[in-house]
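In structure tokens, the next block holds one chain alone, the form predicted on its own.
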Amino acid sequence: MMLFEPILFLNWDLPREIIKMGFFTTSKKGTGKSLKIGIVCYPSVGGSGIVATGLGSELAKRGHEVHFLSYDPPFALDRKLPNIFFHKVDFNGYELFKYPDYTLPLAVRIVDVCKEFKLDILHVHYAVPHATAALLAKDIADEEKIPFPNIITTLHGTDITLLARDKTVMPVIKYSIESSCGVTAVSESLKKDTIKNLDTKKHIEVIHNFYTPKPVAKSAEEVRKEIGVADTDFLAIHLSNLRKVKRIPDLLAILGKVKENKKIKLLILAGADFAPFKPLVEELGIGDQIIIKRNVLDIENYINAADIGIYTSETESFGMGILETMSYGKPVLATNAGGISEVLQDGKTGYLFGVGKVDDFAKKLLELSYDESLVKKIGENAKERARSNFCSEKIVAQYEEYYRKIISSCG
């Protein structure tokens, strides 16, 4: 027997306003009673926002009620999904503050949502400012006798690998982690870094990221024609927000090392302005071999049209772009940094190199550009690993199990 319940379809311009009534069935994929889950994340193109959005979407498909809280609708969220709510957090513009504050209005918004929707879990992505705001919200809710959900904090990397080394914020990060009901990290590497950098005794559950490949809507030939790449060219692809840690100058230097082979091209799907790197492109003389596209939503079409992925990061807690590239059967060249080796198997699904080893990257890139059969073999291995080890069915089930464990243990 199916149980039908009304659900709100969201008006994204008028958050929380009802514009249409529909029905949903409790998903057979989920396990146990459906939950009311709040997700606090950044709405940007970066990995944490993509992961949080993907998790919320999959949870909604499984029959859970999912509430996103952020200053903008998440970049990659399918706005047509049922069971999804969005609650906008407004910045204040008081002259008293030299810089706009986000933590305080976020805390207030969390209280409002918890009061109205009686959430079971509040899943925050990043310790600061999200977990910090959630803990402040809990204090406010307790004072006002408002039931408050269990707080789960997921660590993605920046708050640990960068901010936790800053003595001006480190105590807040440690407090936010240790005061959460549950804490997860996206890799064993990040878990170890957290324990080392913060000297925390808090239990950290490792739940890897996942990626659900979307169907390809354009053929590789169509996409290549669109971006001016010939069928006979060897196309490398890179997806990132271009932050300093991604070492984009190294990426460009690799192309510079192989530029004599005019058939090697580089496509960068950029989550930020590429303008700061244009002088280096001109200096290296690679302008005719590089294509830049910004804020691409249909990444699947472009990855499918590529031959190989290249990632030169100084550190990565996981490497979401690497997983996305592997999911479409593309081998990956990447640095052996952070949690990347937990995703990519050296010599089997791609190749790992030391950070800054531009010559080694270039040598392997050139070698693979002449070996179609090896590229295909490695790519098939990559696809199999990505889709079996880091699929939504496996990882989302782990989150569901962890949610119920925390509810049971924390009350």
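We number the residues from 1 along the sequence you see. Model, not experiment: these values are computed from the prediction.
The form predicted together with a small molecule exists for this protein as well; it is not shown, and the discussion that follows is about that form.
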* **Among 285 to 293, 82 to 90, 173 to 181, 238 to 246, the region lying within 4.5 Å of the small molecule in the model of the complex by heavy atom distance** => 238 to 246
* **Contact flag, His156 vs the small molecule in the model of the complex, heavy atom cut 4.5 Å** => yes
* Does the small molecule come within 4.5 Å of any heavy atom of Asn301 in the model of the complex? -> no
* Asked: Any chance Gly47 has a heavy atom within 4.5 Å of the small molecule in the model of the complex?
  -> yes
* To do: Give a yes/no on whether Thr194 approaches the small molecule to within 4.5 Å in the model of the complex, heavy atoms considered.
  => no
* Structure fact -> the small molecule in the model of the complex has a heavy atom of only one listed residue within 4.5 Å, and of Asn150, Thr132, Ser341, Thr315 that residue is Thr315
* Asked: Taking the small molecule in the model of the complex as the reference, which of Val51, Leu59, Cys41, Ala386 has a non-hydrogen atom within 4.5 Å?
  -> Val51
